[in-house]
Every structure is written in C-alpha cells, then in structure tokens.
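The same protein chain appears twice below, in two forms, each given on its own as structure tokens and labelled structure 1 and structure 2.
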Structure 1
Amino acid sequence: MHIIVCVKQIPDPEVPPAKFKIDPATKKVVPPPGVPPVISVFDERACELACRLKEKHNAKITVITMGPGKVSDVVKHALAMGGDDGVILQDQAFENSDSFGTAYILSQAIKKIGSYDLILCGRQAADWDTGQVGSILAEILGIPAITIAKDIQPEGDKLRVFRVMEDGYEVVETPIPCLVTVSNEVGLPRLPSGMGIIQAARKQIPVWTAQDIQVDPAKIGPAGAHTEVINLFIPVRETTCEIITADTAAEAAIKLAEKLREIKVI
C-alpha cells in the first residue's frame, strides 16, 4: 500500500491569541517572535494513522508539504515518525493560494508522484480551520473522500473508514484509491524515535517548484483564488467575575442557581 500524507506547517496553535498581531495591509497573521512553527496537529495525527497502517499492513509513506520558508522541519518530523519519502512544494507563485489553489497544486504533485492507494490529510489545518483542501483534492483527483476519520482498516481491496460522528462513529467502506481526512480522535501521535530522527536526518528531501509539477498559473496564487479575505481581526474576549457570597454553602448554591437561571445558562 502506498500512502501519501499531506502536512502543513503552521504557527504554534497553543500560543494565546492575544500574542498574535495582524498586519492590516496584507491581511496576514504575524506570529509573535520566538515561537517556532509546528506541524499542524491534525496532520500529525494523519501521520500517526499512516504509521499505524504501515506497522500492520506494510505500507510505504510519502509525506508532502507546501509552504514558504523552512518547511523541511515538518517533513523531517513526519519522516522521523515513520515516513519513507518526503516532497516539498515551494515556489513564490504558490504563495497566497486559497484552499482551491492549494488543492490543485497538491493534485499536480500527486500526479507526478504517480500511483497511490490512500491519501491522508488532517481534518483541517489548525491555523485557518477551513477544512476544505482534502475534499477539493479528492474532487480534482476524482477519488472518493471520507472526512473526519479516527481509524482505517483494510478489508480486501477496500478500506473501512471509521468516521467520527457527534454521538459515536459510522463505518464507511470505500474502494481504493481514496482520500481520508483524519481527526484528533486517532489519539496522541507518537514521539519520533531516536533511530527515526537519525534516519530522517540522513534523507534528502526534493523541492519541487511550479515548473516541476507543471501547474497552470491561472489556477494558483491570488489569481486562482475562489475566496477573498475581507477582514481579519483578533476577537476581543471579555470576562467578568462575580463572586456570590452567602452565610452557608447551601444558601450560596441556591443563589448561584438563581443567578445562572437569570442569565439563562440553565
């Protein structure tokens, strides 16, 4: 089985929102200095699921990322977890692509890679949370897409995908090749083993440009965007604290309940 995992490098989502700044001119987020970028948490879980499939069913894992700057770190991280090959898509022309542009660029790279059985993406990127790239990518490639999965089990030449629902999960059977987006219910991703890091460090990761994957310039970047950012702002969150006092705990509880009902929380 050949699994392709798409990963994205994002600013650390654990950093509190107030520490970010917005550049109003470019409508871009400026992460605080000294905060290293990380692999998107859902994508890391996609890697984890790929590694589990590899352990059980002898798969080959190719990790692919697109982004500016030093994105090799996230690919190395995925390779250290258990990936076999990596590909970096980097070109000035790719910048400011929206979900449609990104999915198109990825699809061109995947066509260049050739055959595959399964494509894994995170359910959404933990920075913009749009959750569109996976589905659009499947659409472009003309393969089935199953979103928000927590497990995958091969069944003959089909895959059983366990899809997270609000009140449980549903099991979907799909032919291969197909695309699955992975949710956090997969569980904690593994820490790359020491040997994994050593082996990943020895690997060369090719960088493919727009020319290498023959993209249509009209479909990428701002030109190919289907969406437009009108406004970008950090929401103001206000908290007020009111301490309810009473002589006894029972009285305080009654007063608290009354207050909660008054503000329509219960």
Structure 2
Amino acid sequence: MHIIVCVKQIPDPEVPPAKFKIDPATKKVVPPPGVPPVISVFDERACELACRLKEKHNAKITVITMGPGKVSDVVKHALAMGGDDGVILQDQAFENSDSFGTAYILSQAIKKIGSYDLILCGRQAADWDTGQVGSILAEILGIPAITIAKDIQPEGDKLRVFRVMEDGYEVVETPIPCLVTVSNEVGLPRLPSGMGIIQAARKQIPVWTAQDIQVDPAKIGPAGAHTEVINLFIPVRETTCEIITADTAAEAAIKLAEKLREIKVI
C-alpha cells in the first residue's frame, strides 16, 4: 500500500493573541518574530493514521507539502513520525493560490509521483479552516473522497472508513485509490523518536517547481483563483458589565429577569 499524505505549514496556534498580527494591505497574517511555523494539527493526525496503517499493513508513506520559506521542517516532522519519502512544491508562481489552485498543484505533483492507493489530508487547515482542498483534489484526480474520518481498515482492494458524525460514527466502504480527510478523533499523534529525527534530518527532500510538475499558469496563483479575500481583520471584542442591586434576593431576581427580557436573552 502506498499512502500519500498532504501536509501544510501554518503559524503556531499556541502563539499568544497579543503577538498575532495581520497586514490589512496584503490581507495576510504577519508571522510573529522568533516563532517558527508548525505542521497543521489536522495534517499531523493524518500522518498518525498513515503511520498506523504502515505498521499494520507494511505501507509506504510519501509526504507532500506546498509553500514558501522553510517548509522542509513540516515534511521532516512527518518523516520523523514514520514517513518514508517527502516532496516539497515551491515556486513563486504558486503563491496566492486559493483552495482550487492548491488542489490543482497537488494533483499535478501526485501524478508525477505515480501510483498510489490512498491520499490522506487533514479535515481542514488549522489556519484558514476552509476544509476544501481535500475534496477538490479528489475531484481533480477522479477518485472517491470520504471526509472527517477517525479510522481506516483495509479490506482487500477496498477500505472501510469510519466517519465522525454528530451522534457517533458511520462506516463507509470505498474502492482504492481514494482520498480520505482525517479528523482529530483519530487521537493524539505520536512524538517523533530520536532516531526518526536523526534520519529525517539526513533525508534529502526534492523540491519541485511549476515547470517540474507541468502546471498550467492559468490555474494557479491569482489568475486561477475562484475565491477572493475581500477583507482580513482582527475582530474587536467589547465586554460590559452591569451590577444589579436590590434589598432582597427576591427583588434582585425580579430585576435580573426583567433585564434579561429587555436584552432578549429570555
């Protein structure tokens, strides 16, 4: 079994809110100084599920990511968890691609990688939370897609996927190859071992450009965007407090009920 795991680098969600900044002009998040980005938490769960399948079914794991800067760190994190190979997609032409452009770029890279049985993605990116790339990627590749999974069990040439529901879970059977998006219900991801970290650090990860995967320039970047960010801002939160006073508890309760009716809480 060959598993491809798509991962994304995001700003560290543990950064204190006071350090979170945006650039209104470019509509982008300003990386906080001295705080390195990390792998998206849902993508890390996808890596964990891939490692479990590898342990039980002798699978091969290829990790793929797209982004500027030092995105090799997120690939090496996934390799240290148990991945076998990695691919980095990096080109200035890829920048400012929306979910559709990102899925198209990933699809071209996956076609270059060759045969596969399963593609795993996080249920959504932990920064923008759109949850679109996985489903769009499956549509482009023409394979089945199952979302919000907590477990996968291979059954011959098919997979049994356990999907998270509001009141439990449902079991879906699908032929392979297919794409599955993984939810946090899969459980906590393993910590990379010391030997895994050393081996990942020594691994040479190829970097593919737009030319390497033969992308159509009209389908990536701003030219191929299906969506547009109109505004990006940090919401202002205001808190007010009103103290209700009375001579007795009963009178205070009446005044409180009247106030709650006035502001339409009850």
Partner chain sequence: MYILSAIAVAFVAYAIYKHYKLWHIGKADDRSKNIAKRVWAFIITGLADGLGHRRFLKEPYPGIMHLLIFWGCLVLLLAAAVDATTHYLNIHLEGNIYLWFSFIVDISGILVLIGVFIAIYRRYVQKPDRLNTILDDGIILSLIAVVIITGYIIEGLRIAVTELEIHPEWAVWSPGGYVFAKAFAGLDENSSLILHRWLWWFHAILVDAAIIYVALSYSKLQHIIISPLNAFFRNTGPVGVPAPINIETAETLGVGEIKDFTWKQLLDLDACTNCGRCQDACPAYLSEKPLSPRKLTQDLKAQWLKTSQFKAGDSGGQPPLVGGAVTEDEFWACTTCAACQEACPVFLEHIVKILDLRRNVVMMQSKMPENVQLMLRNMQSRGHPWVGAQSLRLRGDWTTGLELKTLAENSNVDMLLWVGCTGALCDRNVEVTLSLVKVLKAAGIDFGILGEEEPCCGDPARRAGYEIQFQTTAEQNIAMLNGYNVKHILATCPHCYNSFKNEYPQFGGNFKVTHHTELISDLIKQGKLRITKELDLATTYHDPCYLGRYNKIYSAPRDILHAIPGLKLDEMNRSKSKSLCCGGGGIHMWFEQPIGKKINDIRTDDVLDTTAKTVTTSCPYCLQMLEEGILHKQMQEALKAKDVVELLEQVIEQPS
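Take the two forms, superpose them, and find the largest set of C-alpha atoms that agree within 1.5 Å; that set is the rigid core. Residue numbering: sequential along structure 1, first residue numbered 1. This is a predicted model, so every value here is computed, not measured. Shifts are known only where both forms have a C-alpha.
- Note that the form predicted on its own is the one shown as structure 2, not structure 1.
- The listed options are Gln108, Phe94, Val41, Ile234, and the one placed at a hinge of the rigid-part motion between the two structures is Ile234.
- The chain behaves as two rigid parts between the two structures; the smaller one is rotated by 17° relative to the larger (C-alpha superposition).
- Core superposition places the C-alpha of Ala252 10.3 Å apart between the two structures.
- At a threshold of 2 Å in C-alpha displacement, with the core superposed and only residues shared by both forms counted, the segments of at least 3 consecutive residues that shift between the two structures are, in sequence order, 14 to 19, 236 to 266.
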